[in-house]
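Shown here is one chain on its own, the form predicted on its own, set out as structure tokens.
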């Protein structure tokens, strides 16, 4: 089976290496024949080209592996590949979360599939697990640490008593965080992954903008000190819950009791858990990013296509997100505590409070009303 690569950066070069090395018989049945690169200085292999059409229009290529990242031109290239009757594998959660409805429809019309194991959890076989579980069972919910960058920052802050700014800078120096870390620290990266996990877990489509998202940009050392003093650890969690005719989907910093397994996930690791009727809770732990772990997941999908596994193109049906169905207790630090007066259970300090039990949707509404750019919100597990 012949493979065309779009991009030869961190992930694309890993895909090329794994296939070229051919350590198993399945991988030896694959061949990378064309590689799109961005700049002439990158051309170090006769398979490389600066022209996307040489990859997308090559009739000999069966599968396109999109490893570029970003919305465009990745979206346009994937769309064209599917229209040309080529299978697609991708690690691009941002592009796919924004365009999955359109791309799934094009794939169905052209009798091909788009695979995205590498889009959530890097090398963790999260999507494959959801597929296998759903053959036998209904998935009730999932939750997880989907972003290693924020997990690294939170754990180092907690352990060292360091500032957010210092640990963010350290994460950038180590290559865990981008120069512009907004997608990570504002929770958008996790939101994309929650959206795609809902597609797999619940066979549904949602409006990504309806996924309530709170990040860690405004977390302070005193928030983590309160956690430690009260037996909690802070993690940024992505969540999905199926309620028959509605879905709850949200991203929020969460204060977890220290005996909770997620409270003990170290450094830049990811951990994701599904909960289903007969299997119960099943958890996956591992590296959520990096060249070879992510490339491993992409090549797994290519092997799936080669072996005609997961060939079905399921219709996805729109289901509304209704986060009023998720209720919790929340820690809120704000310059405008009076906005939250009606739901306050107790004040911790002049600017910090704990709510009574209240719907997440109402908390989001009050947060918007507060219009406080220093606001920090976390759910407190009971």
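Numbering follows the first chain given and starts at 1. These numbers were taken from a predicted model, which means no experiment stands behind them.
There is also a form predicted in complex with L-homoserine (HSE); it is not shown, and the following applies to it.
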Is there a non-hydrogen atom of residue 78 within 4.5 angstroms of a non-hydrogen atom of L-homoserine (HSE) in the predicted complex?
no
Give a yes/no on whether residue 148 approaches L-homoserine (HSE) to within 4.5 Å in the predicted complex, heavy atoms considered.
yes
Might residue 191 be said to contact L-homoserine (HSE) in the predicted complex, defining contact as any heavy atom within 4.5 Å?
no
Please tell me whether any heavy atom belonging to residue 166 falls inside 4.5 Å of a heavy atom of L-homoserine (HSE), as the geometry stands in the predicted complex.
no
Counting only heavy atoms and a 4.5 Å cut-off, does L-homoserine (HSE) in the predicted complex sit next to every one of 143, 253 and 330?
no
289, 106, 271, 154: which sits within 4.5 Å of L-homoserine (HSE) in the predicted complex by any heavy atom?
289
Considering 178, 260, 203, 220, which brings a non-hydrogen atom within 4.5 Å of L-homoserine (HSE) in the predicted complex?
178
Going by heavy atoms within 4.5 Å, which of 227-235, 212-220, 178-186, 297-305 lines up against L-homoserine (HSE) in the predicted complex?
178-186
When L-homoserine (HSE) is considered in the predicted complex, the residues of 80-94 having a heavy atom within 4.5 Å of it are 93
